[in-house]
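Single chain ahead, by itself, as structure tokens, in the form predicted on its own.
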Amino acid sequence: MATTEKLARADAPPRKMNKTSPAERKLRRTGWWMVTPSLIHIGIFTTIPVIATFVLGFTDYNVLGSPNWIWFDNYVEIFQDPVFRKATWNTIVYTFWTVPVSMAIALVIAVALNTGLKLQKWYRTAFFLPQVTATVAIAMVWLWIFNPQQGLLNAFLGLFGIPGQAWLVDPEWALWSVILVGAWQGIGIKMLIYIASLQNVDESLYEAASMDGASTVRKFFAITVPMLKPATFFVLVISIINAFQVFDQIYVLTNGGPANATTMMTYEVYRAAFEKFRMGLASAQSVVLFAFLLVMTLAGRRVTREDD
């Protein structure tokens, strides 16, 4: 047996020496020097805060004193807190409505603008403008639109004899008003991603479908939608993340009210950290928010999984 192994080793081809040339080593060192600033930035401003958030979630840290270990007390308080449960439900409702609605509208607009429509550059700029405009400025405009006395929305409804509403003051309408703003603001970036993806769809597929007599609607669902599946997954993930992180428009429009009708998870994190100075509780709430985002992302991945 030993003789056979020796013969096999003798017949085996000689191993290649994995040596790199000086030029390759210099190129590799240059690459590491170029990515070093980004690695330092990620380490200081991303990795350390993430680790600190997970650790502080098990403490009663309040900025003024030293943190003490309380282990899972923050998490028990979170799930017993009716306000945070309300914020969690509001965030889920907000995400459930803003993400699919804005994605559907963005896809329709992208397809329309990809058909050689006149003034399509102007339309692209107009739809993308809310994305590059400060959210606070947008929220101020919507404050005027939703104003019960001088607002544009109630004035428009009055033309048809429909009574106006106190959109941001009435608990029944406040969350829907915020959802409307969120869906409208999120259309621009999604539309841009869909337009970029539509540029890569092979035109011969549409030509073949036209020769087979397929209608426009049939081509949309049989060609466009399947070919945009990777883009749809990307848009879905970033939309869910953005929806769960909504804060500034809530802060300006409603301040979480009325009666916590529009408070969100991120807004409760802000309240715990910077109004109550309970950094430990805010860290635990951030971990819960991260868990929600992870579950939603994995669920989105499963729904839009490609058949490779």
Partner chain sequence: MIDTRHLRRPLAGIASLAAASLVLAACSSGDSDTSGSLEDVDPDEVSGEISLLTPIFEGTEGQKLLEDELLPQFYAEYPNVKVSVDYTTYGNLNEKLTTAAVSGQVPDVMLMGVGWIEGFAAKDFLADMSDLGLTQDVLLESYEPTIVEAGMYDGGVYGVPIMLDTRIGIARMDILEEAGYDAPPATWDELIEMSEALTVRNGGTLERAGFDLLSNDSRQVFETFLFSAGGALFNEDNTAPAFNEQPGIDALTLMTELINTYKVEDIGFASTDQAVHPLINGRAAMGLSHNNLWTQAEDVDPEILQHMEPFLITGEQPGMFFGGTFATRSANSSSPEAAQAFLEFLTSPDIALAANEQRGNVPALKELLETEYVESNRFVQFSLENLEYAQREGGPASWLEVRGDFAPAIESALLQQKTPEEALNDLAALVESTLARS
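Computed from a prediction, not measured in an experiment: that's the story for all the values here. Positions refer to the first chain, counted from 1.
Below, we refer to the form predicted in complex with its partner chain, which is not included among the displayed structures.
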Partner contact for I240 in the predicted bound form: its partner chain, 4.5 angstroms, heavy atom: no
Distance check, A166 to its partner chain in the predicted bound form, heavy atom within 4.5 Å: yes
4.5 Å heavy atom contact, T47 to its partner chain in the predicted bound form: no
Non-hydrogen atom contact M34 with its partner chain in the predicted bound form at 4.5 angstroms: no
Answer range among 121-129, 169-177, 186-194, 211-219 for contact with its partner chain, defined in the predicted bound form as heavy atoms within 4.5 Å: 169-177
Answer option from N147, T232, T224, T135, heavy atom within 4.5 Å of its partner chain in the predicted bound form: N147
Within 4.5 Å of its partner chain in the predicted bound form: residues from 269-289 (heavy atom criterion): Y270, R271, A273, F274, E275, K276, F277, R278, M279
